[in-house]
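This document opens with one chain alone, in structure tokens, the form predicted alone.
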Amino acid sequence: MQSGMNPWSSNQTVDVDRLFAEFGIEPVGEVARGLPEVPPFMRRGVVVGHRDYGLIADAIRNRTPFHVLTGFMPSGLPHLGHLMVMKEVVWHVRQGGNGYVAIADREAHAVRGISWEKCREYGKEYLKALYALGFCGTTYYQSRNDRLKDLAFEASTKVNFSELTAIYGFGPETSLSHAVSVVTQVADILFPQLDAGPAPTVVPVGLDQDPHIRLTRDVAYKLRMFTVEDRGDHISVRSKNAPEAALEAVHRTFSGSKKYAGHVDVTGVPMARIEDAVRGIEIARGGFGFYLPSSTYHIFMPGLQGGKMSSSVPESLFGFYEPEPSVRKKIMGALTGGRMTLEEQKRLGGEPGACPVFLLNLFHMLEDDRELADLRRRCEGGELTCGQCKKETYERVQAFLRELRDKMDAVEHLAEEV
């Protein structure tokens, strides 16, 4: 790897502080306070960072249009590790967002060698889980979306191999299909704006997926005809590759503006109004008028045995249709933040922050903050043994999975229709 990270790796660790410092990801705390309702995943420190989420918070607060998109690579069955992104998307849809979910079958086929038939089979399971959790919106398979493919081709005119090498570490041995799958992901992120009109778009991802966000923001910027810049005493609308007629249209739209070679200067008009007008002029002349996509970044829940949750380590997670005895065995055998002996546990208390079982409750199984705080108090006070905590947690998991499976079965017809 030359820089950044490999989003397709299954065994990497993410250096959160380095990512924030090197790539300009901002902590989420301040912008979250601007939301009418702060969701549990932000309150509890699961979502830790963002890019441009202020645009989304404004849209939620002002009830103006915005999109939320994510994608799932169907290289296996969905499991515990996919729940967080699914919940984030559903929450944003409930806040008024237009929901989009891509099944990244081109990526699975190119990067993991999964057959198209298996992609379809696995993809259906992801869609069932999403609909069961309450998702409403647009879903599609990359391979079957012709408008997406056309957008990917357009995006590819703005990407060269030196960029892919710098961002992803691609080398001479990297297949062209892998490069195509990356550009298709760029198109996925921009597709809601093509389909439903330009608007702020949030993409909830794990920190390891940031390379895709950086590349897409770069492409979205390059696909714009104009930049709109605040120069203090005036706003300058500068042509990047706009036809002369588009520049003239900007000049005509704002009376009193001054037109020069390659730019129009406007005074006395709010920046937001100018940006909206310029976006409309671009679209009227065949441009896209894209907003740069926003993103949120969540930390990863550890596997049940500690370390990274990975489908290559079956003990680290459970699937949604996994038999109950298997799920019970994994939870009862999970690593904990408990002490070496019962006497020490009662005297010193447990360490919930280092316990995969406590974090399973924090991420997913306890909706009520007061119940979570009580669980932490009982653990740290030595009142709760690890065995008892595991039993209680398994009961929550069992109830959650039974309800989820019933709902997944009930929405199977929706997944079949995609």
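Start at 1 and count along the sequence shown; that's the residue number. A quick note: this is a predicted structure, and the numbers were derived from the prediction, not measured.
Unshown form predicted in complex with tryptophan; subsequent notes refer to it.
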property	result
Interface stretch in the model of the complex with tryptophan - options 328 to 336, 341 to 349, 185 to 193, 301 to 309, non-hydrogen atom within 4.5 Å	185 to 193
In the model of the complex, the one of 203, 225, 127, 250 near tryptophan [non-hydrogen atom within 4.5 angstroms]	203
Sole residue of 139, 95, 98, 209 within 4.5 Å of tryptophan in the model of the complex, by heavy atom	209
is_contact(residue 70, tryptophan) in the model of the complex, heavy atom dist at most 4.5 Å	yes
4.5 Å heavy atom contact, residue 266 and tryptophan in the model of the complex	no
4.5 Å heavy atom contact, residue 104 to tryptophan in the model of the complex	yes
Stretch 364 to 380: residues contacting tryptophan in the model of the complex, 4.5 Å heavy atom cut-off	none
